[in-house]
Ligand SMILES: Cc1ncc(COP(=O)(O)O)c(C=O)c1O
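Below you will find one chain, with nothing else, as structure tokens; this is the form predicted alone, and questions on how it binds or moves follow later.
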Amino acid sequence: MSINMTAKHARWPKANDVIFGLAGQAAEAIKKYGKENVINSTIGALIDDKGDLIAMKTVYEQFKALPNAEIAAYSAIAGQPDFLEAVQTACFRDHRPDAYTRAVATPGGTGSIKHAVWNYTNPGDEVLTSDWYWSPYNTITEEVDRKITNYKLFNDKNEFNIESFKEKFNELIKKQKRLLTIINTPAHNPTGYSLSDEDWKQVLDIMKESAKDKDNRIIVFVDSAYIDFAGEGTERRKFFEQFSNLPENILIIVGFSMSKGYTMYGLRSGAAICISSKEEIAEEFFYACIHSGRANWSNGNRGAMATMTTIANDEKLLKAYEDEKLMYKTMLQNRAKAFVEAADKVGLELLPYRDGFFISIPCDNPMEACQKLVDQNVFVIPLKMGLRFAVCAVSEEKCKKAPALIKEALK
């Protein structure tokens, strides 16, 4: 008879991460057949046309120029004060809402999600997000005895399904009186959809109506991990202005990640930024997150914070960084355009793509389709309702070829 040494809440099924497993298979295929003969779209990071990870020169020159002691030292638990201001400027740019805001440093965007789930929901609560979603949302919630509930992201016209959102939102707020909603935009993972300003207006109208009941507590977590690779200029940040002067029982938390916009994937740095019409609520957020941070990871990566702050506060460095980022953003847009156009030519159905690293293909048997593609040295990620293709990781040339291969596999 076997025994369990783990506590009851820490027992989970033995399972390997699908993404990392397929990435390993792709690496083996590359060794065997050569990079030119493999399409590896498993990686959620910017990869150049040679198959190498992109690490922005302007970022890492500044990081490596820091004194060793600055890289090695502990940061403040909340994050370095100059970073906390710089990260808000980087997040909002010229669309800062008219509200009280506070920021707390986190280990990447994932840390900000953990803060929102732990500090703004109760055990047993349901957290609302779309039916196409980043799977770690589920991991984070189930770890602390919460669970994910979904609304349908798209309606029959492939538009944002405001009716499904409204139905699920009202159902849960009535039952719980407290509701955390995670909205991953712009450049949604895994579909590449970005809510329009009109979409946001409709979402907030539903919440404002619910907020008339002063016993309701409405928390919106905006997962903006891919915001630096969305739209032209700062147009995809305009929605932040709609968070001005909201009812005091609506709290916005923005998850800002430096993994994508600064290619600091493994340095694990980011921030949770709250937006509230009431200063006391913003202060409450700040101190709740400090306590949670101390309990979970103590403090963040000081070197990463210092690098971002140095770039943000130097006009010449900031321009060089923005120019380099624009180069990669253009590369990403060209790849996505090539994939979408090739899909249209062969009649491959895609979910509506606007921005970002990923494009999704709906299908009935994702695992079966994935395996058929592996046999052709094409590696995609199987989801519950389809396949995820990472245009961020695949050259433009291969993005033109992939849709026909995927279409064939789905027959």
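Numbering starts at 1 and follows the sequence shown. What you see is a predicted model; the values in this text were computed from it and never measured.
Beyond the structure shown, there is the form predicted in complex with the ligand, which is absent from this document and is the topic of what follows.
Student: For the chain seen here without its partner, which of 131 to 139, 165 to 173, 209 to 217, 291 to 299 has a heavy atom within 4.5 Å of the ligand in the predicted complex?
Tutor: Heavy atoms within 4.5 Å of the ligand in the predicted complex occur in 131 to 139.
Student: Please determine whether each residue of 110, 113 and 226 possesses a non-hydrogen atom within 4.5 angstroms of the ligand in the predicted complex.
Tutor: Verified in the predicted complex; spot residues all in contact, yes.
Student: Scan 184, 276, 191, 307 and let me know which has any heavy atom within 4.5 Å of the ligand in the predicted complex.
Tutor: Checking each option against the ligand in the predicted complex, the one that comes within 4.5 Å is 184.
Student: Given that the ligand is left out here, which of 101, 75, 161, 259 has a heavy atom within 4.5 Å of it in the predicted complex?
Tutor: Only one option qualifies, and that one is 259.
Student: Residue 268 near the ligand in the predicted complex, any heavy atom under 4.5 Å?
Tutor: Residue 268: contacts the ligand in the predicted complex.
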